[in-house]
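Encoded as structure tokens, the following chain is the form predicted alone, with no partner shown.
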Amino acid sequence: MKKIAILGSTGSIGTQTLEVVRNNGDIQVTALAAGSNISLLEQQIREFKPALACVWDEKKALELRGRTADLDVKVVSGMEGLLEAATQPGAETVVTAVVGMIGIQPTIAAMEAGKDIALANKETLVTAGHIIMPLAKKLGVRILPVDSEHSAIFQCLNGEEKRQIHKILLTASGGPFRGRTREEMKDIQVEDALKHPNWSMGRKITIDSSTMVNKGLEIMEAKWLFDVPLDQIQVVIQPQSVIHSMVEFEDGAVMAQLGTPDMKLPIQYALYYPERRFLPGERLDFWSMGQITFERPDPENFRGLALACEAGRIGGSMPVVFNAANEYAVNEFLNRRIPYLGITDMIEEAMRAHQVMDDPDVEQILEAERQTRRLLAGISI
């Protein structure tokens, strides 16, 4: 019986992870952690019977304790509770599916407790990859990518020598506004940006996909996961979302991982690696598909991608600022306080104002985030 903890259990990745658990029947959930959706969390507790449940908000945790008084579950809250969930005894793997930089400390704590990480929280590597990857090597724990693109690369590299990578080809759908100019995107509303053409995801990552910021974050994440320079990572627009990513080797061979746009595949692969298991759902039908097309990305109109590449090349604390500014700006957009193009405008403002630290520790990373948020709270876009 495999044992796992899930951080972010009520979000898109968390709920799909629990679908994988339900479908297989040989995984025990030791801990669940969520932000504030205690109604769904209570349902999950009753079905999967974890020993520990964490709610970020203490008032919600108090309410959940009352709701689950008839169950044998310990309810905790805040960062202290999240760390307890991440280090729950017995769990072999921790699925880090929380959104944002809140995932850094629990990931480190889980690794120090000897647990493998099924990584769905890309911000952890974007902002602290220089800490996480050497620590994983030192501790002998595995970082198993859950992101569909990084899982695809991981699968393509199975049995291959990483030193023979010539290029990583990171695919992107292009989002709902592919082909539009900035002028054509100036009046985009929240509802428009939340309509992804292929994938069903959480609100924040759906907005990130529409701005191409998500692909920029994935470039920085791939750099750390696969130990390749940024110049060896190329973004390719693949609108049908059939090819999830590719690897070109030094002899010119290109390997690709294809599949339907279903996040349960990379989730299940990470949980059972190196074993493959049957996964119910649709299969690719190449006869009916007709064609798979490719395009160049448009960093001029999708400034999020260009700014991410700039942040990645500068390195140090600049990716922290890029990520923190994006998190802040996306929240402002979702709450209708800034226009759509204000997202990348805010990111650029924050990057231009930042004094880079070369090798930030965790506290400096968190302080850079706080400084970025304070800066952006004081400007008008």
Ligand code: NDP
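Keep in mind that what you see is a predicted model, and the values were worked out from it rather than measured. In this text, residue numbers run from 1 along the sequence as written.
A second form of this protein, the form predicted in complex with this ligand, is not displayed here; the remarks below concern that form.
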- prompt: Would V99 count as a contact of this ligand in the predicted complex, using a 4.5 angstroms cut-off between non-hydrogen atoms?
  reply: yes
query: Looking at the partner-bound form in the predicted complex, is K115 within 4.5 Å of this ligand by any heavy atom?
result: no
Close approach of A350 to this ligand in the predicted complex, 4.5 Å, heavy atom: no
Contact flag, K223 vs this ligand in the predicted complex, heavy atom cut 4.5 Å: no
- prompt: Can we say Q234, E248 and G312 each have a non-hydrogen atom within 4.5 Å of this ligand in the predicted complex?
  reply: no
message: Which residue, A308, L125, V94, A120, is the contact with this ligand in the predicted complex, using a 4.5 Å heavy atom cutoff?
response: A120
query: Considering this ligand in the predicted complex, which of A324, I343, I45, A34 comes within 4.5 Å of it through any heavy atom?
result: A34
task: Report the stretch among 202-210, 300-308, 131-139, 183-191 that approaches this ligand in the predicted complex to within 4.5 Å, counting heavy atoms only.
output: 202-210
- request: At a 4.5 angstroms cut-off on non-hydrogen atoms, which residues of 240-265 are near this ligand in the predicted complex? List them in order.
  value: M263
